[in-house]
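Single chain ahead, written as structure tokens, the form predicted on its own.
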């Protein structure tokens, strides 16, 4: 498989790198300080054609490859900020709506997600469940042309931002109440829709993960994605996409950690000479470089399989198993190279190390993905 980037991909990488330099890095400190990103962040992404990437142009999208999405995610990961996530959430949610939405749904909901006027959310997790569809308690009870939705969702990225979300609920009209799940598009400005304050995490400052509460929220039946009761299949596709996007982000994060380590070893003097000339340090840097490269090409491979319409759910789980702990170890090694300074907030590596910790439990746990990949071998 040839990973020589096309001229289009090289152009998108350059555009993403320039965007990060101009728009993201200058606001990195304020995002941490305010625990939020600017309201116009998505509009800025839209202006440089980084929204609606997998959506055809007739709906306001770009119509590019999934590999290009991963290349952009990698550049955003290098910033060590959460700015990748609202952008990726808009893209993956838009792709979900395009894939399973009716023509009317596409025409209504896709353009705002592509032009940055609406923030997307996708919501399955609840206080009592993270992976089990049978444990969902949020319900959608039919009432004329609408559903009446009641319940709560947890850790919903951008749930407090204006726009739309794809919410997974138990359909009150279907007979199989044990496992049936329906995907509904919900306008987050709907009456009865409220949120908690954002959760505070050890990293990912500004992520805007909130609890969402539904109190008799009316949602038109026309907002159903796919077939009623078949929402879990839609969710599994979205999560597989999210895992590949997360891997792209982690590759960028690992590259940033490696870059910080190289920079530090060139500047830090030991007995009058840069640390970089110490053999032990060079071994660590070489080890880190090989690990980042391995993660990078495995991630590119998964994105290419997605582009080729091949089955990528198991491949995305394999990414989770390998990329997450590998990049986490790269950030740990970079921190170790910095010595005591690596534990100081004055150095970027401290933040990169904390952010890397999220990946083993977000976008499905590493352990769950071991089950997915392992069971695929014996089925």
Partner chain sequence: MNIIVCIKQVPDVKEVSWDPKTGSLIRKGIPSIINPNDKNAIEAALQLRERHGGEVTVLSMGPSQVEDALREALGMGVDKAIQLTSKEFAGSDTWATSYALGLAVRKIAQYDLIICGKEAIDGMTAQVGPQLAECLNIPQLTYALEIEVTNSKVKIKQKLGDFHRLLEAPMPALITVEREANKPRVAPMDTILEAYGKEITLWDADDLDGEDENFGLKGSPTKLTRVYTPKLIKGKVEMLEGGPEEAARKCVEKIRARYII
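Positions refer to the first chain, counted from 1. Please read these numbers as outputs of a predicted model, since none were measured by experiment.
FYI, the form predicted in complex with its partner chain isn't displayed, but the following is about it.
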Given 30-38, 326-334, 61-69, 312-320, the stretch touching its partner chain in the predicted complex at heavy atoms within 4.5 Å is 61-69
**Message:** Against its partner chain in the predicted complex, would residue 349 count as a contact residue? Criterion: heavy atoms within 4.5 Å.
**Reply:** no
Practice problem: Examine residue 15 and determine whether its closest non-hydrogen atom to its partner chain in the predicted complex is within 4.5 angstroms. | Solution: yes
### Query
Are any of the heavy atoms in residue 47 no more than 4.5 Å from a heavy atom of its partner chain in the predicted complex?
yes
Can you check whether residue 42 is within 4.5 Å of its partner chain in the predicted complex, heavy atom basis? no
Each of 8, 22 and 53 within 4.5 Å of its partner chain in the predicted complex, by any heavy atom, yes or no?
yes
Checked 290-318 against its partner chain in the predicted complex; residues with a heavy atom within 4.5 Å, sequence order, are none
